[in-house]
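Presented as structure tokens, the chain that follows is alone, the form predicted on its own.
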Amino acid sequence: MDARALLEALPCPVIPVVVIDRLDDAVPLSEALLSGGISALEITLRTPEGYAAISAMKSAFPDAVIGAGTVCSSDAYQRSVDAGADFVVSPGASEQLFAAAERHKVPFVPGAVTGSEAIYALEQGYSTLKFFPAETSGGAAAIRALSGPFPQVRFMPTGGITLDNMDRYLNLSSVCAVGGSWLTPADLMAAQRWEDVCELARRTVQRVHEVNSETNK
């Protein structure tokens, strides 16, 4: 399954971008998000616990879709695959990353925010792209503009997206999913308030349903 097929098959097109500081938080956090209706998680490699967190989540929830984010090297790609990642996301792209993606066959979402970057990714055979940082790179308006010359591209924007503005992105036909950290607020994570995280996930899923209903009217 390629990245587009994987993302478009998600019941909920919202992917929490998760930073794990304490490995013990990995399983209860994933349980809270999944119980709240979230379909996939992106575990960033911004902390040393990232790889172990992916493995712990996949062990606890083998049917869940758990990806690795902030993957910036072929070594990180290899370690993500070894940890059990179902997909790999990068804030950018490089020859090394594309070569790693070709070797491992795990769905890869490279990053692109300009026309040149989109062309480079397309030349490598990738038409599902991470748009990061979304809000500071022009937001939904920029994605709408890029969709003119690149109608074959589908974007997964992250960066500055919240429960209050995600509808701007989800309303675009060129957006297949959105990512964000609003589902894992630092205060809730620090206090291990998993029930509150679950409720936030439920509210997000409900908002997605509302956006879909408004779009289909």
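Being a predicted model, the structure only gives us computed values, none of them experimental. So that there is no doubt, residue numbering starts at 1 and follows the sequence shown.
The form predicted together with a small molecule exists for this protein as well; it is not shown, and the discussion that follows is about that form.
Contact annotation: of the candidates Val14, Val17, Ile20, Val197, the single residue with a non-hydrogen atom within 4.5 angstroms of the small molecule in the model of the complex is Val17. When you look in the model of the complex, the only residue of Ser181, Ser39, Ser55, Ser174 with a non-hydrogen atom within 4.5 Å of the small molecule is Ser181. Partner proximity in the model of the complex, defined as non-hydrogen atoms within 4.5 angstroms of the small molecule, places exactly one of 157-165, 58-66, 30-38, 187-195 at the interface: 157-165. Taking non-hydrogen atoms only, Phe132 approaches the small molecule to within 4.5 angstroms in the model of the complex.
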